[in-house]
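In the structure tokens that follow, a single protein chain appears in two forms: structure 1, then structure 2.
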Structure 1
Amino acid sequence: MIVQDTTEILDRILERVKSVDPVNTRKWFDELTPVSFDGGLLQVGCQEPSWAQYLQDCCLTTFTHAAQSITGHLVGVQFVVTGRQEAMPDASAARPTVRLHPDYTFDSFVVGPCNRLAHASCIAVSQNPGMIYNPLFLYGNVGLGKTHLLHAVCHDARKQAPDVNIRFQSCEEFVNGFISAIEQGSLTEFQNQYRSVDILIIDDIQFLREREQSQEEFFHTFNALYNNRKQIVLTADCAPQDLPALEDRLISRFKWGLVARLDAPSYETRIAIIKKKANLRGLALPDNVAELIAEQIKTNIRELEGALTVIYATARAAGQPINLELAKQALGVQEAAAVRSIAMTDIVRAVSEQFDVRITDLQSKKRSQSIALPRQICMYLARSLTRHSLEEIGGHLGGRDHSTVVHSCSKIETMYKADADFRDRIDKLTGWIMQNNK
């Protein structure tokens, strides 16, 4: 029986934690409950195992200090899963195989043109593992949501089947485990651990390159799971065919199922992501602040979250509410460097002049190389210089869909990196557009 005093103590502890550590605070903290307070140990109940693990990893010290400050005694804090009375292990105990972040669920993932296929395929895999897209191969640059989707697959698969056997590791962990198994003469045990799972998730598979024995082991592990209709999910920073120093037979198998790419989010998607991140922390973020962050950071979701954290910390240090002026100060935004309003028409006109093609041809269905390349450059520049979505950019240039815009941007980016003369031409064109739109 929990006495009212214990409930009040936990309420006061939560208030202190939210004040001291707003970055790690989450909305679901309000759903934590006191389980027992006996012998100097306060047990805090969590509805989900991932909540308890998150609190253990990120908040144990803060909760402990808050409990000791409020009670005036040397109190310990333990997090348990409500209804199971399972305490999370301390830092010295063996770590569980799958450690899921409570923020990384499908509900908290913002879907846009940049990630719609990856999101939909992950949902399908989590609900019917091994039966639809196998393997599922996700690729994209750092900070675009690959890890979020992997955690979401695990969360959802466990809801569908609580006893599902999931092994979720980085490629580096797989390789190190394989090497250790050889050294210790426990290779059979290692193989059984990986080949007896229902879902195998390997993050950053590109690090398998130049490791011949590890590639051989993974090849056989892949075959064993695939033949038993067990789900395989892989991520990398590039498409399978672009993975360096990887055996052709592995690359071929990576392409057996579905390959889905994640791209940088559009302006509208970035705003939605920022608002979602703020909501997870229980923060009411003004719309103009979300728009400011989205304008300043255009490629990486982790950087968006980092900017939100900086604004948090600045507001707390200044003892002020979050507003546009405080956000500008926190992010170092200068008024003189305000975002310029560049329109699609400005970009099309500039490209038309520089490449000596008619605007009507750029906006037509014509596909000749003399028109296609300038049109692709228009898409590339619009993606980086305007707030338009992929659909809007494609619509302005002959009614093309977002996948065409993604392909065009990727092609121009590759040419930009590989060809110094082309890079110089694009840089000058970009500067000219910005100079004429001050």
Structure 2
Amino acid sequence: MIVQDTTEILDRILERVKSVDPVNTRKWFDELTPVSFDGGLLQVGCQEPSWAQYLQDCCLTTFTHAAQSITGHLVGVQFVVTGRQEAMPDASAARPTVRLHPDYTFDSFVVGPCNRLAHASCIAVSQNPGMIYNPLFLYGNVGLGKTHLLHAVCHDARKQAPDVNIRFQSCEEFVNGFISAIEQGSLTEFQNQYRSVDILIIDDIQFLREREQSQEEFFHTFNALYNNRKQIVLTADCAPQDLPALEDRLISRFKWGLVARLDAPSYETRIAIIKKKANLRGLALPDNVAELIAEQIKTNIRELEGALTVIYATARAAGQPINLELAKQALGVQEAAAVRSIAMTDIVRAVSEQFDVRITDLQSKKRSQSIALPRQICMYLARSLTRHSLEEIGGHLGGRDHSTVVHSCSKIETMYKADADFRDRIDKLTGWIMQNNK
């Protein structure tokens, strides 16, 4: 197969992917390059490691199906990093690669009065780690861009200094790593990993509450890094002083540097964000549709994106371009789903039947994997299909607290994005619940 053909194959694959999966398509797909097509394997070159990661997580199935139908052969697709040398993860180094989302950069972050301070402080930190605001503590409700800014800090800090040693983890990963280090007797190694970094970023630090030993460990990690003028960036769903059941000495340290709050975006900022998201996907969005979305959804930016997705999916299914009429219809469907008063019991019953677990087990404290996953799916569905609070959802499913529900939802969301079969299963389940509650 000569290169010309491979180029043509990739072009046609991209065309196909854009039409079947516009929501996951990104403008930078145009910069992908054919590397080789040999022995049934098509290698696609990516300029950034985060592109390869994203394609692997979100688009592998779509690319593979497209490649197979275009070539008529059983082709596998592999994403390889071909880009700038300094952007490549250093394979020889023992340090773990930070998984960065290519969408979450400073360029794609819309700045408004609601997040100006958080944004400016993140830029300052990525340019001069450890020098200006240390620690930097960001807080705000879910879906307001905290995690996005953390990824942007990593992207930028890496650009400034490709060798910078960054550790970026959720607080839960820190806690789990700590627990397994104790179990395996590798605490010193664990401590060294954390204390040898230039930048430590921990997302959702509220997860430390009521975990006394992990708090103690984090306290020492914090001190070690702080004393060596290494940068610490933390996020939480509330201000340091409101973090429940956290030791005072930690809370006071969290306030040593800069504390920046993220608020819900104004109407104008919401419009700018929607346009930015559409632009990132290379999609045309009429102004009046952006306005409609911004009017309908006010508090959570993730929901703005969800609305955009629903509108594109509806347009594709109808084979029509996006216009106000179609958008109203698409969002109307979403609204109806919310008000159609789906009850927790409907969700639990459906999951119990589909996953063959007992309702009483879903509502128990049992932790075995065969029950935990369906229970997490219940939480995820309750979040999207009902108006119940996190506490109510957790209460209904064995008395879990709100952070467990948040964590479960984000875990299922990640699986939903990464795994086409899983997505299919959840979509069918959702359809089934809605169908049965008309």
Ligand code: ADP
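Counting starts at 1 with the first residue of structure 1 and goes up one by one along its sequence. Remember, it's a predicted structure, so these values are computed and weren't measured experimentally. In this text, the rigid core denotes the largest set of C-alpha atoms whose superposition between the two forms falls within 1.5 Å.
- Structure 1, not structure 2, is the form predicted on its own.
- Relative to the superposed core, T33 undergoes a C-alpha shift smaller than 2 Å between structure 1 and structure 2.
- Relative to the superposed core, A315 undergoes a Cα shift smaller than 2 Å between structure 1 and structure 2.
- Annotation: Cα of G45 displaced by less than 2 Å between structure 1 and structure 2, core superposition.
- If you overlay the core, the Cα of D427 moves by 36.3 Å between structure 1 and structure 2.
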